[in-house]
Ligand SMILES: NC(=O)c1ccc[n+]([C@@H]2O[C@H](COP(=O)([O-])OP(=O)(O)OC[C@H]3O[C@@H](n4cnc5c(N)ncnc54)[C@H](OP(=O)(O)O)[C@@H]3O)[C@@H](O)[C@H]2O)c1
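One chain is shown next in structure tokens, namely the form predicted alone.
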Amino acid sequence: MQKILDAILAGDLASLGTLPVPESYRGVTVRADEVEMFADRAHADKDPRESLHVDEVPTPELGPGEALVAVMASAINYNTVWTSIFEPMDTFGFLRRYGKTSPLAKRHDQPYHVVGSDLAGVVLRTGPGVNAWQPGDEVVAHCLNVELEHPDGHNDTMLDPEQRIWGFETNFGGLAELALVKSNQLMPKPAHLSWEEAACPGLVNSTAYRQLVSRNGAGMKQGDTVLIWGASGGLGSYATQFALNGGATPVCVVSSQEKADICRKMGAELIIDRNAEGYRFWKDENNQDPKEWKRFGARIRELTGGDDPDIVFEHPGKETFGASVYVARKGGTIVTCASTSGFMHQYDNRYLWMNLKNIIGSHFANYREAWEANRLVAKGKIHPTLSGVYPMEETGQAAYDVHRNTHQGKVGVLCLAPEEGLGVRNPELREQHLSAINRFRGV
């Protein structure tokens, strides 16, 4: 592994195809024999620092249409948090089911799960049938793992019945020194970004693009008013950029003045600090408060000059969904993914059906959507929202920060990269956008 790293650091990428692939590598794992470790704890008390381990694991066999990537950096997403606390279920069920689909997929059914759904790195090997990529290519990876043996996936690959999220519903993810991906997960690494900066947009940037911009999501257009929950967070920070970049008006909902300031740095002007303004959408565990929905809607109109949101960008879920359905304009769209505050949504259907509103479910992105989202990053139109970086040995702490929502934007993890700031190939473009690249740093 050290020879591979030395070659990458020296810029000798052409030699990578001739260097031997290690028989094992270090990866961040959860273990099947620990899935009950948090059984008696409340959600908030489950600690990823106890369940995430850095283990030496065997290098998987490379199959047709696949690539083995030396991972320089990765990032934390909520799916890694869910994996680490075994909620809403442990991920070993995903691996078992996948393992039953083919002899090659059986590789993924292990008593350990190497996690992580983002990476930036360098291709080491490609399997039979891979022609678009070769050893030495600098890449990022999106997290759609899809078989495409069924007709349902050929209009939109997210509809394929064998669609999975790599590193969550498959093994050999990106929080590791090596990662196994399908070749159609690969995209060019943005040349003006460092490894850790390039690693952080993947999952959330692609998800926000489909959810907000794509025809498969809300189909945002110029002039739309877009309500964005958690507008300084991992998903919301990209949704805010897409809204501003696409001629829409974001109304950014945040939970602190510090987060409001980040939104202003991105260029947003209409901001609601829901903690400072005291919104409490639930009276108790079982009952919501429609008066708070109405107060919230009135505040949105006050900021917009009387406009209700054309689009509500939803991902908190249970806590906010009733309010989201209420405040969307007549004929408007609530587009939803993730549900970080709970999966069981409740809303008053009168406000949906009588006002002809739409609810759209959105899940990650297809290859084309991910490619377009990455292309905008590479052009300097959309910027990474990296706030902090941990070494791989401290991935548990990084996941803990995301679990407790003490982070901003995205939290990165160095894998093979020995330090931050490496991997920049276009310093001229970087200099043009340096303040935007760094606006989340240290917040």
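For clarity, every value in this text was computed on a predicted model and none was experimentally measured. Heads up: residue numbers just count along the shown sequence, starting at 1.
If you look for the form predicted together with this ligand, you will not find it shown, but the lines that follow are about it.
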Considering 341, 355, 102, 304, which brings a non-hydrogen atom within 4.5 Å of this ligand in the model of the complex?
341
Given that this ligand is left out here, which of 192, 107, 164, 259 has a heavy atom within 4.5 Å of it in the model of the complex?
259
With this ligand left out here, work out from 311 to 319, 286 to 294, 242 to 250, 92 to 100 which stretch has heavy atoms within 4.5 Å of it in the model of the complex.
311 to 319
Residue-level question: is residue 218 within 4.5 Å of this ligand in the model of the complex, judged on heavy atoms?
no
Answer with yes or no whether residue 203 is in contact with this ligand in the model of the complex, where contact means some heavy atom within 4.5 Å.
yes
Indicate whether this ligand has at least one heavy atom within 4.5 Å of a heavy atom of residue 409 in the model of the complex.
yes
Can you check whether residue 171 is within 4.5 Å of this ligand in the model of the complex, heavy atom basis?
no
Where, within 80 to 105, is there a heavy atom within 4.5 Å of this ligand in the model of the complex? Residue list please.
82
